[in-house]
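Let's start with one chain on its own, the form predicted on its own, as structure tokens.
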Amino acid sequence: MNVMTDVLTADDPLYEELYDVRKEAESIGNLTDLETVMPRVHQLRAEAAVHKGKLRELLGLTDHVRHVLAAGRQHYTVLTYAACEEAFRNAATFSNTVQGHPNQLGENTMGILEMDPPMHRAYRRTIQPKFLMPEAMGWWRTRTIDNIINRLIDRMAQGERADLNLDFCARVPVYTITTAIGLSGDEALTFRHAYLNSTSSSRNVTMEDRKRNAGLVEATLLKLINARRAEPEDDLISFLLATKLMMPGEPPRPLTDREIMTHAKLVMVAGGGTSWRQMGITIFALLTHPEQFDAIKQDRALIGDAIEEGLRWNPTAPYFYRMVMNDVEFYDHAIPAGSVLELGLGPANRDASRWERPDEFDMFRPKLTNMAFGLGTHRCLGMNVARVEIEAGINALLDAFPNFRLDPGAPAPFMTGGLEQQGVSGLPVLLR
């Protein structure tokens, strides 16, 4: 048994620290009673597509600064599907630069989440080939996903009960991404823990500890980059070392170590975080809609429909920000340059002008594009890998435990977290 197997199947207390949705929101400082506020969000959307002010302000919630560059600026909240789509597709006016911030070592870094075209397009092309659907179905599954899922199924099969949130959903994405990058299994949780405690959003973490954690993250990645430069392997770091950045008007060049590290941190934290919560949301939806779950048991081809409906019904990252780059008239508002848009992907996915019965989970509804992965230039890089992880995971659970169901003796799961990120409180199940 190798190191990865030991760590992957261990009862590490870091799982409970890093993969409890409520604790995550408490540590960030944005825990919200979602059941209470969502009816008011829907009411606001029905009143107007765009509202002046922060959504938290409109809801009477305490303030939460998600991006340091957004602090102190006038905000506008966008809640309908059409308005969100228009903003997403106009990157020249509504910019991603609002997400930029210096790291804890005092250096100004920028990843593709903070970039606009043409820079964004050039940098995204350096990593995009590894995230296309053929690669997700091929390289990602054969190198990481299937092996990890099988090990977790074997671990759970030793018992009669499990919390699928911690025992399965939390582990599949973090080890998928970690292995793909080229880190060993025992580095996965410590890397994620250090990174999450190195950012400006970390609460109850001293500046000294943030810098220490940032240094650990940098040292880990630099060590890996140097090792792969000396001896390439079949992983993302080796792929990035071999690729070329092609900026318009400039000769092609290799990525710098800093650029490779920025890519690696993005895929590690985004892929290991959002996929975990979205997988849990999909399974939660099926376990609480038994007729649709039964239909999937009869026809596994419906799993893809359930995943897409779960993304529409409860996207795990429901809000994104954009910086307004020039004065613009937008849905009856004269919005000045320097303002910030809060794009409500979650509310847009419940827009009654686009979907009938929008608050219901119904995987049989007509197929329409939803906002969960964004639209336009910044459509989620890892969406294909996430879909493959969730579909492979649900198939494996049904193969091993065809009668798995919610544990009636455990607390009933519910949606929780912050307004800006949400997931399931837990998934306690009987396996047989």
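In this text, residue numbers run from 1 along the sequence as written. Owing to the predicted nature of the structure, the values given are computational and were not obtained by experimental measurement.
Unshown form predicted together with a small molecule; subsequent notes refer to it.
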Exercise. Exactly one of L345, L221, A87, C169 has a non-hydrogen atom within 4.5 Å of the small molecule in the model of the complex; which residue is it?
Worked result: L345
Problem set entry | The unique member of L302, L255, V267, I153 whose heavy atoms fall within 4.5 Å of the small molecule in the model of the complex | V267
Exercise. Going by heavy atoms within 4.5 Å, which of 394-402, 370-378, 41-49, 22-30 lines up against the small molecule in the model of the complex?
Worked result: 370-378
Exercise. Looking at the partner-bound form in the model of the complex, is T316 within 4.5 Å of the small molecule by any heavy atom?
Worked result: yes
For this session: Report yes if any heavy atom of F131 sits within 4.5 Å of a heavy atom of the small molecule in the model of the complex; otherwise report no.
Result: yes
For this session: State yes or no: in the model of the complex, is some non-hydrogen atom of L55 no more than 4.5 angstroms from a non-hydrogen atom of the small molecule?
Result: no
Problem set entry | Interface membership of R322, the small molecule in the model of the complex, 4.5 Å heavy atom rule | yes
Exercise. Each of R124, L311 and G382 near the small molecule in the model of the complex, meaning some heavy atom within 4.5 Å?
Worked result: yes
